[in-house]
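In the block that follows, a single chain appears as structure tokens, in the form predicted alone.
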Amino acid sequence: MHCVQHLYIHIPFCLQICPYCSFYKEIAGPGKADPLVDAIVREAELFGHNAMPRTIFIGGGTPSALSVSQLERLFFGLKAHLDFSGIEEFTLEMNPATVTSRKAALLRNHGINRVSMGVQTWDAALLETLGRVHDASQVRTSFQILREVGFTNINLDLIYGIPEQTLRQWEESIRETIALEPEHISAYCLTYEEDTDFFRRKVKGEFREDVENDAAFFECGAAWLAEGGYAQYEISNYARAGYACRHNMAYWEGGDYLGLGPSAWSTLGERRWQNVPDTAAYVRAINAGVRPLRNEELLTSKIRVAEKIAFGLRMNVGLPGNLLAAHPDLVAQLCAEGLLEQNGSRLCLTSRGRLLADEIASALME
């Protein structure tokens, strides 16, 4: 069995549940974190023997909601069972409200070399709409703490398409973010996912999606970020030279990865599985020495090709033209319409095509 080079670890705890978030998460509470940390370490011991990670991404939830001692136990435990010698990129997600000098120093000491921090917006009213627990001043303070302890690779997440958000507010959020000079900026369009409060409010008619408005946000955001020195390398991701997220690139290029923790997904060859999205059930399964599976599927070559098309189109470098050899007429039509373009042996979406990426990918996967 070949070594898995990409590792994802899911920490589901949050200080507060954001009404737009569809990831598996729960409110942090006493007595929850310690058993989970121990279970993740045990899962690495039981099922991570073929992992030799080059990239690790600890996401959530809010991984930084763990205490210093819990984070330390997690890192020491993982290092006892996994080979960390080849790590190139080690990311941990943080909420600005949970950054302290002690916690940031601990992360650096344990080899974390990239932090992804959820800013979302700099506008106080919009932060309240999103249910965020931080404010703009905490972002600046937290960013400065991360710099002071030596982090030289920081990503800041932004969201556009927030209810009542104006283009001017979006521009201000981007300007404020660029002013901090992070190495990477992610700019995501708000989506109304089922099982979220925002989705229920949309169904009631309180919120509504505005596709044209979102397109304007996307185009203006891309232009402002380019002006600020950030090159777009994927529809929602922008970076200074050399700072594209290697872990996410592995996903988009169809690489194998191992997921640890409740709800985490894994893909290995023709197999894909998901851990149960229930912390208590996950801990019970691990303590019993069994895989905490929710579901498992076999990936056919057709599914693999379809995923390479969908993710490849999202990247600015596009995908090898031979992946679309089965659709010569559709490719020619999309090129004629200015949505797709040839770049050597690769096919890429044009700037206009990126506005319709999902629709184009769906058509090409049929």
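Each residue number is its position in the shown sequence, starting from 1. Here the structure is a predicted model, which means the values were calculated and not measured.
The same protein also has a form predicted in complex with a small molecule, omitted here; what follows describes it.
With the partner omitted from this view, the residue of Ile9, Cys21, Cys348, Leu355 that lies near the small molecule in the predicted complex is Cys21 [heavy atom within 4.5 Å]. This chain is drawn without the small molecule; in the predicted complex, the residue among Leu107, Ile185, Leu258, Ile159 with a heavy atom within 4.5 Å of it is Ile159. Proximity of Thr91, Ile112 and Ser266 to the small molecule in the predicted complex is absent: no residue of the three has a non-hydrogen atom within 4.5 angstroms. When the small molecule is considered in the predicted complex, Thr177 lies well away from it, no heavy atom lying within 4.5 Å. Residue contact check for Thr100: none of its heavy atoms lie within 4.5 Å of the small molecule in the predicted complex.
In the predicted complex, Cys189 approaches the small molecule with a heavy atom inside 4.5 Å. Contact annotation for Thr55: none of its heavy atoms lies within 4.5 Å of the small molecule in the predicted complex. Contact with the small molecule in the predicted complex, judged as any non-hydrogen atom within 4.5 angstroms, is confined among 271-279, 214-222, 91-99, 70-78 to 91-99.
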